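In structure tokens, one chain follows: the form predicted alone.
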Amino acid sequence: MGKVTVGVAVVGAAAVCAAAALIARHRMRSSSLCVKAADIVKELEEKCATPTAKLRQIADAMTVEMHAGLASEGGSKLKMLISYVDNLPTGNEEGVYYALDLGGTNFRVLRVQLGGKSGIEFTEFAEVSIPPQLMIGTPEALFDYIASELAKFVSDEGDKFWLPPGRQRELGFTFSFPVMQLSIDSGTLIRWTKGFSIDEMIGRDVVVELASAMKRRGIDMSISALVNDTVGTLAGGRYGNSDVCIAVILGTGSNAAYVERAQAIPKWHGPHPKSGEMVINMEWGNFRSSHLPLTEYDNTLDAESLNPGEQIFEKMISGMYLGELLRKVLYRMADEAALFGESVPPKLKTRFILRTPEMSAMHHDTSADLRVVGNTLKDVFGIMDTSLSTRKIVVEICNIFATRGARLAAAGILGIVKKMGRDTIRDGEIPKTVIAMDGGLYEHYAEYRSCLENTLDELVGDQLAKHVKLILSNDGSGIGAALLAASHSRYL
């Protein structure tokens, strides 16, 4: 009996020891995984760091690339495209002007009534879907459809819209596909994107095609300006504020435009503009510098993209990519640090499943239990239960990428300010520099916006910060195009 009791006691003790060992191993593993998660976040923070000195180097590199791009075609990663816009709106324009914005599977038609000093008096627009078969059909079919919808819109013009006597209606055409611009009102298509594929159109003048279709539909209207949406943002900003001289779009993608002195553009061989100025479309998304704080996640994202090696700056700062960078880090942490449990949630492997608006919502979560973060992880990835500590890690990663993107964008703006010579006191005065901003990322991601604004103030210094201002200027591709039609009117 005694032997049995001893045996049971020994077995019981062994079981307790085994359980204790199991718990200890589990705790050690949990501790090890926590350390691994912390290491991944720390490494990310270090590699994404943007100290002021680095940002100044990036700004200087941007300025150097701007000079190179203005000197010759292909001289820089920055295309520094001549927009042929040499007259920005003054605020004195009068009459009704139209805009057509073709940039994807939908297009918009818009009209504005300009009242001179009283500004924009009325605006109306309509949005139209393009039937899929027309996106792969013939140039005539596509433009005839667009012109027929424009004709319907023009026919609904009410009495509150008026035109000075003896004038023909004029239109600004925003065409958001790669074109080789030849003048303010002409440009040939280089290639289609966004699901369009009409090979017959390549190399043809998009303004001529639209004008021919408008004529076939009996529309009495001329096309005064072929417009890039960033240049349109600059025009819209200038219309309301004469100190606007730079425009930046921070949305799905990113770009910048600014006003350059014509004599500072060596590659410009055309007649000298009467204004002495020319708007340059930088295509700054393609900027690249050895000073950019690239990580393994950026390199993987770029390698997997449709345009590897291109648009590196855009891939670090714009709304298309921030959510995907966050997903990549979360996937690594799920795989190597079991952030979401023993197995990696399957949806976490899906590229671009996490959009930047959802990242923004998590970043702005102020609830005590970070409820928005938990719900987003559940809705997007199917992760049902997450601890508060896990949710805090997610917010921390959101902050790292948003901060890096915003500070890099601020450095890019400083580069433009420096190129324009507006970073110093001139003739005893500090010039006022206003930057027109557009795009959903800037408008809706408050943490990103405030970080960008604070960083720009930090970079330009206290004295200059009072004279450098960012303003929201919506709808450059619509109202901006109509305003450029007005400022480049044949009747001026």
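In this text, residue numbers run from 1 along the sequence as written. Please read these numbers as outputs of a predicted model, since none were measured by experiment.
A second form of this protein, the form predicted in complex with ligand BGC, is not displayed here; the remarks below concern that form.
A.B. asks: Considering ligand BGC in the predicted bound form, find the one stretch among 328-336, 208-216, 189-197, 112-120 with heavy atoms no farther than 4.5 Å from it.
C.D. replies: Stretch 189-197 is the one.
A.B. asks: Among G374, G412, G253, P139, which has at least one heavy atom within 4.5 Å of ligand BGC in the predicted bound form?
C.D. replies: Of the candidates G374, G412, G253, P139, G253 is the one lying within 4.5 Å of ligand BGC in the predicted bound form.
A.B. asks: Taking 4.5 Å between heavy atoms as the contact cutoff, choose which of S176, S148, S222, S305 touches ligand BGC in the predicted bound form.
C.D. replies: Answer to the contact question: S176.
A.B. asks: How about Q311: is it within 4.5 Å of ligand BGC in the predicted bound form, going by heavy atoms?
C.D. replies: Q311: contacts ligand BGC in the predicted bound form.
A.B. asks: Just to confirm, N228 within 4.5 Å of ligand BGC in the predicted bound form by heavy atoms?
C.D. replies: Residue-level check for N228: yes, a contact with ligand BGC.
A.B. asks: Report yes if any heavy atom of M316 sits within 4.5 Å of a heavy atom of ligand BGC in the predicted bound form; otherwise report no.
C.D. replies: M316: no, not in contact with ligand BGC in the predicted bound form.
A.B. asks: Mark L78 yes when one of its heavy atoms lies within 4.5 Å of a heavy atom of ligand BGC in the predicted bound form, and no otherwise.
C.D. replies: No.
A.B. asks: For a quick check, can you give me the residues of 263-299 that have a heavy atom within 4.5 Å of ligand BGC in the predicted bound form?
C.D. replies: Result: E283 alone.
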